[in-house]
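The chain below stands alone, shown as C-alpha cells; this is the form predicted on its own.
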Amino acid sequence: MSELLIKDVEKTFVETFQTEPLLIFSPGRINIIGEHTDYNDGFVFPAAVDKGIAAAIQKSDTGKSTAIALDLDSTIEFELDKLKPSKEGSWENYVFGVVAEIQNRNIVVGDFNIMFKGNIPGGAGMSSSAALENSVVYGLNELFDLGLSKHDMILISQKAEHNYVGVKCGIMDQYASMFGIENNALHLDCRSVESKPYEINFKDHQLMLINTNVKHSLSDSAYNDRRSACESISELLGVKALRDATEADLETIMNEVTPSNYQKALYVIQENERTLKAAKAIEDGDLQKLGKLIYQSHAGLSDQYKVSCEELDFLVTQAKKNKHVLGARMMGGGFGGCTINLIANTEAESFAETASKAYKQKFDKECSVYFIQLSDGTHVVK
C-alpha cells in the first residue's frame, strides 16, 4: 500500500520539478496503552505502523521554497528568511515550524521543494502531524547534511507543533514515528526520552482500529485544560510531574482540589502503572492480561479523565460483547478518532462487520476499519 503511495509522490514530484527527489517515508503510530501520560513525564507504549506520509524533497535553485500537499491539492511558496505562522489550522505550519526550529539552532537550511501525501486516515488519532513533521526534518537533514541526530529531530518536530501549530503535545508521537521498529512496540519513558523495544508475538490475534469518523470540536482546548490541571496538581504535591506521585500522595491533597481534577490525576497515576504491567504481560506473552489492561485504560479515559465520547464508548461496549476481543479502548487525545482492538484473527472480519452495522444503526454514520502492522520508523526510501 505504502509502496504505491511513495511511487505516486515520486512521479508527481519529477513531473512538477523536473528533478529526481530524495524520498522519505514517515509512519503514523498507534499507542497500545498509556494515554495522556506523556506530558506527565510518564510511560507510554506506542508503535509505528505501516501507514504514514511519503515525502519527496530536493534542493531548489529558484531563490524560494515550495511545499505541496498532494492530498489537499494545495501549494505554498515561501522565503526562508520571512517565516511566520499562517493562520491556525493551516497545514503549512507543520513545514514552516520545522524549518523555523532548525534555524533557531543557528543551522542554515537552503531553499528546497517538498511534496507529500499520506495514507493515515484523517482524524484517526494516529499522529499524521508528527509523521509530517518528521518527514520534513529528516528530509532536510539528509538533503543539507545538517548533522542532526534522531533525538534532535524529534525535539525539533515537537517544538514546531508547540510554537507554530499551537498544540502543547508530549514527545510520544514524534518519538514513535521516528524510532519505530518492525513487530515491536516501544515502552517509552517520556522523561528520559529513552525506550525499550518489546517484540510482540500476537500469536493468533491482531490489532484492529475502528475509526468513529467523528472529531468533536473541544479536543484541542480540552487537551490544554487537562494538561494544566495535571501541572497544577503536581505543583500542589511538590513534584516535578504526576509520574512522581502515588495514589497515597494524591489522597493527602484530596480536599484542596476539585473532585473532577482529583479523578484526572488519579487516572494518570493508574495509567502509568498500567503501562508497566502491560510491558510485563507482553514479556510473558500473556495477551489476556494485556487485553484486560487495555479495557481498564478505556474505563479510566472515559470515566475519570473524561476525554472519550459517546461514539468511542459505544464501540468499546460492542467489543466487550464479543469474547474474541481481548481488549479495546479509545486511542489518542480523545473526543473522536479510533478505538484499538486486540482480536482473534479468525473473528476480526466478522466483528468488524457487526460493529460497523451496529454503529451505523446507532449514529446513522459509517465507521471505518483498518488492519495495521507494526513497522519501522522514519527512513529514506531507496
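Numbering starts at 1 and runs along the sequence shown. From a predicted model like this one, the values you see are computed outputs, not experimental measurements.
One more form of this protein, predicted together with a small molecule, exists but is not displayed; see below.
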Check your understanding: Do Gly34 and the small molecule share at least one heavy atom pair within 4.5 Å in the predicted complex?
Key -> yes
Exercise for review: Answer yes if any heavy atom of Met172 is within 4.5 Å of a heavy atom of the small molecule in the predicted complex; otherwise answer no.
Suggested key: yes
Review point. Might Tyr39 be said to contact the small molecule in the predicted complex, defining contact as any heavy atom within 4.5 Å?
Key: yes
Review point. Would Tyr223 sit within 4.5 Å of the small molecule in the predicted complex, counting heavy atoms only?
Key: yes
Review point. Which of these stretches, 47-55, 311-319, 60-68, 330-338, has heavy atoms within 4.5 Å of the small molecule in the predicted complex?
Key: 330-338
